[in-house]
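Before any questions on binding or motion, here is one chain by itself as structure tokens, the form predicted alone.
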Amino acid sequence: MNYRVESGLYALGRPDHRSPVLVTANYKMSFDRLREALPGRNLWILVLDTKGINVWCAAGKGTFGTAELVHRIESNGLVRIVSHRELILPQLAGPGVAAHEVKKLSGFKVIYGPIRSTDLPRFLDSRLKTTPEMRLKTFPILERIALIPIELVGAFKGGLAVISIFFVLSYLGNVGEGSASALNHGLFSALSILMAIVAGGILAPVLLPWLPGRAFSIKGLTTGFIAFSFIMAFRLNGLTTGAGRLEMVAWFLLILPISAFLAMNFTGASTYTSLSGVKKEMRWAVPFQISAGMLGFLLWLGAQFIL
């Protein structure tokens, strides 16, 4: 996540005062993909300091914004380097940049290019004209799957600690029933947490278009219910011992909010919502998830140590 380049003005090929100026983020993959898409071209690349975040996410967070763009124009002396007054920005930078403010403050006109860097050669050769396909952002299953590994890494960093805590507490709470039974309870708890992570971190993005609701938290609740159904089937088939009704209610209140919370991590990478929509959803979804999770944990403790 600290994969970044220095902000500033870069030369691709042998640009001169008439060469186009393309603007991008200082996330290194964004910078590399831009250069790879333009072999044999002579142009300038203005890199903004987006704190190592890609264009779309940085625009939503405000780091790829009007103030940063104007600052980089001035600090790199762009008015002395190029004779024209045009900047080509990726379309996904739009949420963070007010083009009229940039023009007012710097004198440079903002031109929004295509969404994908691979379309830039055609865009430049057609005198900065885009086609409808260049303006369309899709989110097919392969793109959704590509996001899963990094989300799982983040989820498992905290998840392994949680799994360990539940395993130990479950084992200690049932050790009076014998070592085998206590171990079975501990493994069942670890499996339940693992299934919650799989539901929110894998099932939610894979099944995204087919899950009900527009809010990601609702979609995550659905995959959480699928995971809970699997756990319930695991119990009913006799593959665990002693998981009573109260404990299963507790797991229902734990698995669903965990899955819903993890599913919300994909909001910033999707075409399904906006920054304002994400903020609105978080205001009601996160308190609900915390409340349900706390209640579930208390019921689970009661099932282990009291009843």
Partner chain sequence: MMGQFMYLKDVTTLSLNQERCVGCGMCLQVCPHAVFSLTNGTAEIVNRDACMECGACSRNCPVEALIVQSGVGCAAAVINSLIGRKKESCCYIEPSGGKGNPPECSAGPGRSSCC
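Positions refer to the first chain, counted from 1. The shown structure was predicted, so the numbers you read here are calculated from the model rather than taken from an experiment.
We do not show the form predicted together with its partner chain, though everything after this point is about it.
Student: Using heavy atoms and a 4.5 Å limit, would one call Glu151 a contact residue for its partner chain in the model of the complex?
Tutor: Flag for Glu151 set to yes.
Student: Is Pro209 part of the interface with its partner chain in the model of the complex - any heavy atom within 4.5 Å?
Tutor: Contact with its partner chain, yes.
Student: Give a yes or no for Asn42: in the model of the complex, does one of its heavy atoms lie within 4.5 Å of a heavy atom belonging to its partner chain?
Tutor: Close contact is absent here: in the model of the complex, Asn42 is far from its partner chain, nothing within 4.5 Å, heavy atoms only.
Student: Looking at the partner-bound form in the model of the complex, is Phe261 within 4.5 Å of its partner chain by any heavy atom?
Tutor: Yes - in the model of the complex, heavy atoms of Phe261 and its partner chain come within 4.5 Å of each other.
Student: Can you work out which of Met248, Leu38, Cys57, Val70 has a heavy atom no more than 4.5 Å from its partner chain in the model of the complex?
Tutor: It is Cys57 that has a heavy atom within 4.5 Å of the partner.
Student: Tell me, out of Phe234, Phe225, Phe167, Phe139, which residue has a non-hydrogen atom within 4.5 angstroms of its partner chain in the model of the complex.
Tutor: Flagged contact: Phe139.
Student: Can you tell me which of 90-98, 186-194, 169-177, 71-79 lies within 4.5 Å of its partner chain in the model of the complex, counting heavy atoms only?
Tutor: Of the options given, it is 90-98.
Student: For a quick check, can you give me the residues of 100-133 that have a heavy atom within 4.5 Å of its partner chain in the model of the complex?
Tutor: In sequence order, His100, Tyr112, Ile115 come within 4.5 Å of the partner.
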